[in-house]
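Before any questions on binding or motion, here is one chain by itself as structure tokens, the form predicted on its own.
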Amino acid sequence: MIGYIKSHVVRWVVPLAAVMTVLLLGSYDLRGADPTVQVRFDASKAGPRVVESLTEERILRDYRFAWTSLTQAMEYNTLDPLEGPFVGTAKQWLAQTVVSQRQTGLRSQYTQQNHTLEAVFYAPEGDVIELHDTAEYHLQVLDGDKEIHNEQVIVRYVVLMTPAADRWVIRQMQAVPQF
């Protein structure tokens, strides 16, 4: 009887586990970046190393995903979306912002995002890239469901991204008055 149960479990569980594994491994691309987050990326002025086309595609994908994650974290006041796309001081800064919002009962919505991203430095070893982002977005700050602030903003960011095991991550992100 036990052999019969084991064979049926193996017959159904192993294929089910395989399907779940494929779905979980593919979830990074399935949940992917919000298609409304628009990013234009110019890597032509980066140096001293040339940004390869595959690296450019990955940075573009991962930057868009990071902003999608940032948007979710700020809107829902949760730290979970920050896991993965952010590390180091960028993650600390965003986590502090989320915690502060939670304590005050506020939440922020970033919509209509357009990012003009320019690579200005790509290390010879390929271990860091400096990006300048001119971000335009609609910012709405809510206290519960009550709107307390609403504006269209243009913010300039200096961003450092580094490669991780399977993606590029934002290590530092700082708003600056101008480049």
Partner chain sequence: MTLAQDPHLPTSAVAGDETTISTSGNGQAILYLVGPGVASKREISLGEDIHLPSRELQNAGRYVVSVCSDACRSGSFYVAAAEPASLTFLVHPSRVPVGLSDAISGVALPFDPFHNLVRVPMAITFQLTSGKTAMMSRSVQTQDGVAWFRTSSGKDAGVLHVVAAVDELSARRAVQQVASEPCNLRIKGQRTPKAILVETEPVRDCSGNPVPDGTIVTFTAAEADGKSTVDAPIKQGVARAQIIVTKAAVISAASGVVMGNELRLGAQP
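Positions refer to the first chain, counted from 1. All values reported here derive from a predicted model rather than from experimental measurement.
Omitted from view is the form predicted in complex with the partner chain, to which the following refers.
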Please tell me whether any heavy atom belonging to Glu130 falls inside 4.5 Å of a heavy atom of the partner chain, as the geometry stands in the model of the complex. yes
With the partner left out of view, is Tyr76 within 4.5 angstroms of the partner chain in the model of the complex by any non-hydrogen atom? no
Quick one: is Asp143 in contact with the partner chain in the model of the complex, heavy atoms, 4.5 Å cut-off? yes
Does any part of Thr97 reach within 4.5 Å of the partner chain in the model of the complex? Heavy atoms only, please. yes
In the model of the complex, the one of His149, Lys45, His138, Arg40 near the partner chain [non-hydrogen atom within 4.5 angstroms]: His149
In sequence order, which positions of 87 to 123 have a non-hydrogen atom within 4.5 Å of the partner chain in the model of the complex? Thr89, Trp93, Gln96, Thr97, Ser100, Gln101, Thr104, Leu106, Ser108, Val120, Phe121, Ala123
